[in-house]
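Below you'll find only one chain, the form predicted on its own, shown as structure tokens.
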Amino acid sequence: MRLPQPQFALQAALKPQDIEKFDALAVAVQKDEDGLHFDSTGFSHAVITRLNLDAQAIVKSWPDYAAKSGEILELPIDGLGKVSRLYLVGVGKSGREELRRAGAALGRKVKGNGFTILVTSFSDGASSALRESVIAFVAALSISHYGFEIKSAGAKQKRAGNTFTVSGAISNEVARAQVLSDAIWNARDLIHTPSNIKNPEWMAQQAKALVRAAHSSSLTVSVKSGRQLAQFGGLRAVGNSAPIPGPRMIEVRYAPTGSKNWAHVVLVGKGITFDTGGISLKRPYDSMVAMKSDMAGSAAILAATCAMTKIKPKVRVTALMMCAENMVSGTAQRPSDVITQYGGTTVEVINTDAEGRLVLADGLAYADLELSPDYLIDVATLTGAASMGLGKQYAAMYTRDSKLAQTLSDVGERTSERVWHMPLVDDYAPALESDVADLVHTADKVKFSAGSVTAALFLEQFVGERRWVHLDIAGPGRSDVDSGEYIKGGTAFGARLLIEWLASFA
């Protein structure tokens, strides 16, 4: 159901005549007041020499080509072996984000062509900035190829995967980029699968399949269902409205031999495989179309945890995927119901469309009481309020740990999965008071107009004294456009952010 994923090959050295075995060539270019400039090191030098490229002649023939980041000029090539075309890829000033845009643009340009492509985009240096730029470029090159379709055999378009050859001098960076892009592809597959196929049991099967595919004894998976969820009042209240098989808590653990004394990170992901809003039915109804992606938080943490077997950081990771369907049925929870979350806290339910925080509360409390995490992170497409405040470019991040917030902000800038540190406003806490239970789960009774903040304040009640971060990815978790690294739909936001943060545990 996914379109072909590109492959990457490495080659340490290249002679000018070697370029004839490729279908296409891609060369990084810049333009300033002195004209057009090619990267003259490494592979680029071989290509420029073999093609006898004349920068100024190109400027005269295509004067409007500015070599802006992501701007591509395609030139036909004749009489040079297999090579049929040359792509001049604008990289601006070659900053990390400029190279990310360039990689995405090139990926989109050749998507589905089945080419072997020589990419000559990097110098041979080894600075940290260059390494990050290489990772950004190659990851974007792969991620921009992503596509998902379910079509009959007669309606399918023939799509072929591309193979890119890049310099062996940057093999570590290419390998890291592949880890990141693989995680994005895996998470997007889960997110884009329609909900008539996807349910909590299906999510458990996919988690098991990804763990098996990792071929690592460090990675294990277990699933709680039925009577095993007796204490998980939030998960049952949301998930029991759906047909059998019902809700699941999927626990995926990365714990290499000898890791007992390493830091323990627990990730909790919202896994609502479809959200109707329950009795508090969503309006307008077409807003439900995107709700197959309401399990994007669980998809991101699963992909990130499985990626640990390739990166091998010195950290233990446990992912808790809190999976349920929020449906309308005779067993659906009602506004005014009182449920008991894991750990005993009672909650008055006011709006059944605020179901995500109920399943997350169970996961957070379970993590705090049973797993002894050093860090506790939850990821969820939780509130429309977060996207109203921050749009599609930033996730809302809530934590009282300013040092951890800064670390995640820095990682977000490097990965282009940006987070914005939002305030946990204690003055809004009275909105969570209930006359009949310990808490009410929404701020509907007190109109503070800060839905993302009050949702975070609710979740905070279940984390004990842990170093906790809440990531509300409702904005960047879905894309309304087909552009750059994204296709319309789920983005898998959070996977790269978590992988690079976890990789920092050296």
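Note that residue numbering begins at 1 and tracks the sequence as displayed. In this text, rigid core is short for the largest set of C-alphas that superpose within 1.5 Å between two forms. These figures come from a predicted structure and were not determined experimentally.
Only in words, not in the display: the form predicted together with a small molecule, which the text now covers.
Within 4.5 Å of the small molecule in the model of the complex, a heavy atom is found for all three of D353, T381 and A385. Contact annotation: R357 falls within 4.5 Å of the small molecule in the model of the complex, judged by heavy atom distances. In the model of the complex, at least one heavy atom of K282 sits within 4.5 Å of a heavy atom of the small molecule. Contact check for T442: a non-hydrogen atom falls within 4.5 Å of the small molecule in the model of the complex. Interface residue remark: E325 is not counted as part of the site for the small molecule in the model of the complex, having no heavy atom within 4.5 Å. The partner is not drawn, yet in the model of the complex one stretch among 214-222, 287-295, 112-120, 401-409 has residues with heavy atoms inside 4.5 Å of the small molecule: 287-295. Scanning A26, A474, L459, L471 against the small molecule in the model of the complex with a 4.5 Å heavy atom cut-off leaves one residue, A474. The Cα shift for E460 between this form and the one not shown, taken after rigid core superposition, is smaller than 2 angstroms. In the core-superposed comparison between this form and the one not shown, K68 has its Cα shifted by less than 2 Å. Once you line up the core between this form and the one not shown, the Cα of D438 stays within less than 2 Å of where it was. Annotation for the pair K445/I339: C-alpha atoms recede from each other in the model of the complex, by 3 Å or more compared with this form. With a change of no less than 3 Å, the CA-CA distance between S387 and K445 is smaller in the model of the complex than in the form shown.
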